[in-house]
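Next up: just one chain, as structure tokens, the form predicted on its own.
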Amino acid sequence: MPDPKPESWQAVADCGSIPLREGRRLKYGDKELALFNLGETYLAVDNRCPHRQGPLADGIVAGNSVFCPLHNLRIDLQTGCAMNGGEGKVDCYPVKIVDGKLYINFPKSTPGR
């Protein structure tokens, strides 16, 4: 796997720092993200539910989705779309593992870059 490019990929955590089937919040510039360990993969999304801005990192993970801890809206972690009757979407960010570290690809327009 090629090394992450410094202009777009940023190291954010060690693989072992996020327990299986849980999420952790992280800040990057003005962005707050939720990073989830799904076992075989890690997924990252904006940390605010589109319904009432609940902290998705604190939600319950089921399969490839997370349930918002405030109103139980289910968010698909691969697409960012609400799945159970709610509307809205959160942004998703590519994640890769290099030498035991998690890297997230942030768009060049992300504040704080």
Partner chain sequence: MHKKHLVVVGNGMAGMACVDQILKRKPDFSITVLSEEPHTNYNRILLSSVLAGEKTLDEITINSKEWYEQNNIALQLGSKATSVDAARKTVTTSSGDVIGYDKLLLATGSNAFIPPIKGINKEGVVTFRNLADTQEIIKRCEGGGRAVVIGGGLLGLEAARGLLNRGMQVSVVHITDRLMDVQLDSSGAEYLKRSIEKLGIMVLLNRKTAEFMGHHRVESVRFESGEIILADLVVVACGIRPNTELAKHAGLTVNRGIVVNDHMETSDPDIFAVGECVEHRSKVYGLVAPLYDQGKVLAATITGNKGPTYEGSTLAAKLKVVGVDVFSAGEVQSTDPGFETVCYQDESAGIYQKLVFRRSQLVGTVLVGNVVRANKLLELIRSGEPVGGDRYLLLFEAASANAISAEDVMCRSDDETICGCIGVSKGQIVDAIRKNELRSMAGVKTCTKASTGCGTCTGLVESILRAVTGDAVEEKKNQLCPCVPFPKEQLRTMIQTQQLKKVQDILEIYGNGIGCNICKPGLSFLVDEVWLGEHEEDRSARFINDRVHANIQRDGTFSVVPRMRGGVTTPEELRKIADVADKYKVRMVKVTGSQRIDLLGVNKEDLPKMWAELGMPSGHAYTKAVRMVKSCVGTDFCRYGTQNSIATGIKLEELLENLYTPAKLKMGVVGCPRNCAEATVKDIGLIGIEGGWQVVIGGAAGKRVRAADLLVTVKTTDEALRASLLFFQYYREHGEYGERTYDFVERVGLETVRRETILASEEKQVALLDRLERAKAKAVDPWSVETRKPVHPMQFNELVLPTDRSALMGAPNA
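Nothing here was measured: the structure is a model prediction, and the numbers come from that model. Residue numbers count along the first chain shown, from 1.
Separately, the form predicted together with its partner chain exists; it is not shown, and the next lines address it.
Trainee: Is there a heavy atom of L70 lying 4.5 Å or less from a heavy atom of its partner chain in the predicted bound form?
Mentor: Judged by the heavy-atom cut-off of 4.5 Å, L70 is in contact with its partner chain in the predicted bound form.
Trainee: Is G39 one of the residues lying within 4.5 Å of its partner chain in the predicted bound form, judged by heavy atom distances?
Mentor: No, G39 stays farther than 4.5 Å from its partner chain in the predicted bound form.
Trainee: Since only the chain is shown here, I'm wondering whether E22 would be in contact with its partner chain in the predicted bound form (any heavy atom pair within 4.5 Å).
Mentor: Yes, E22 is a contact residue.
Trainee: I60: heavy atom within 4.5 Å of its partner chain in the predicted bound form?
Mentor: I60: contacts its partner chain in the predicted bound form.
Trainee: Pull the contact list for 29 to 46: residues with a heavy atom within 4.5 Å of its partner chain in the predicted bound form, in sequence order.
Mentor: Heavy-atom contacts within 4.5 Å come from L35 alone.
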